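Take a look at this single chain in structure tokens; it is the form predicted on its own.
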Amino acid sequence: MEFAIQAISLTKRFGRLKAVDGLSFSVPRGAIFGLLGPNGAGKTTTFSMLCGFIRPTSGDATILGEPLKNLDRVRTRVSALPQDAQFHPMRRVRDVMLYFARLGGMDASTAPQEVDRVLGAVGMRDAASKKGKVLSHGMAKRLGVAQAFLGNPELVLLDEPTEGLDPKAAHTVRSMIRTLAARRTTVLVSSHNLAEVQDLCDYAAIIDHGKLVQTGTMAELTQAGEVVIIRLGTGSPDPSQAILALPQVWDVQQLANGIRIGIKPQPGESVEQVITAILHTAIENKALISEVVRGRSLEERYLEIT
């Protein structure tokens, strides 16, 4: 597997405070990768080191194969959107985007077409003539995402791209990131929003107090191959004992409105086959099933390991 980012024992001290403490993780090329943790976990400090905004106290990272000291060699292949990025209040959206395009090395004939493409992708073509001072918070976030994907960079780093947005606007921004990343751009998203990371990302690293807690695919982090949750309808009989008797089931726990089932497929058996056997048993025992979920939510898993 090839990696767009490899962090190797990254450490950053600010006086006595160790904001990032020996952090190591790898971001596969072409993935949308979440850097997840609560406020103060060290996400923004890590983001800033990977962007070259600040230097690590010790450790290193490779960005598209280059160590941080040689980051200038890949500058034109990398784009970043800091959390509090702002745009000139008196400049028009299209002019700002053209400036960024030219700053990124695009020639005068290519830049206007590329600006139109990314503005269209984030639904901002109608706002192209607006000045920065009249943009809403949501529009400014969308413009920031558009700017980050100008020129189809190989790697895009986004720090809290939906911070402060209402749910509908946040959903729109996530959809835009997926659309813009569809050209095999690698995306690193720093966020404390667990549901957002689970919805958007293929992989994630969970950090707390500057240290790595766990990293892996979203399926690994949520234990999608180890846990099944069945939500039961009102008045449903409890099928727990019958399900526990299945050879592929090693644990059953009661929930407020259902059961959590620990599974272990037999040799040559898929998770899907196990789920089918569980549902068949539940239905045979007259259970009323309202929902089936593979794995814990990322929030549940996060609370378990931090």
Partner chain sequence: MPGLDQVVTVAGFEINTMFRTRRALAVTLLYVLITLGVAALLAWLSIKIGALNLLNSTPGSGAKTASDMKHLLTTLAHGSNAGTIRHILGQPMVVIVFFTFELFFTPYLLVMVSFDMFNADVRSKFIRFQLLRASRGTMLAGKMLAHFALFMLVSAMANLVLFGYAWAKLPSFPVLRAASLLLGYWAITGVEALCYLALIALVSLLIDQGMLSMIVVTIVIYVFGLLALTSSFVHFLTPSWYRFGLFSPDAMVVTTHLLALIGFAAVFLAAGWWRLHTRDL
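Residue numbers count along the first chain shown, from 1. If you superpose the two forms and keep the largest set of C-alpha atoms that fall within 1.5 Å, you have the rigid core. Everything numeric in this text was worked out from a predicted model, so none of it was measured.
Keep in mind the form predicted in complex with the partner chain is missing from the figure; the text below concerns it.
Between Arg178, Arg184, Arg75, His171, only one gets a heavy atom within 4.5 angstroms of the partner chain in the predicted complex; which residue is that?
Here the answer is residue option Arg75.
Just one of Met139, Leu165, Ala85, Ala224 has a heavy atom within 4.5 Å of the partner chain in the predicted complex. Which one?
Looking at Met139, Leu165, Ala85, Ala224 one by one, just Ala85 meets the 4.5 Å heavy-atom criterion.
Quick check: do Lys12, Ile54 and Arg102 each get a heavy atom within 4.5 Å of the partner chain in the predicted complex?
Every residue of the spot touches the partner chain in the predicted complex.
Which of 111-119, 209-217, 196-204, 90-98 has heavy atoms within 4.5 Å of the partner chain in the predicted complex?
Partner-contacting stretch among the options: 90-98.
With the cut-off set at 4.5 Å between non-hydrogen atoms, does Gln147 touch the partner chain in the predicted complex?
Answer yes; at least one heavy atom of Gln147 falls within 4.5 Å of the partner chain in the predicted complex.
Test of understanding: in the predicted complex, would Ala80 fall inside 4.5 Å of the partner chain by heavy atoms?
So Ala80 counts as contacting the partner chain.
Comparing between the shown form and the other one on the rigid core, is the C-alpha shift at Gly105 2 Å or larger?
No, Gly105 moves less than 2 Å.
Answer yes if the CA of Lys133 moves 2 Å or more between the shown form and the other one after aligning the rigid core, and no otherwise.
Lys133: C-alpha displaced by 2 Å or more between the shown form and the other one.
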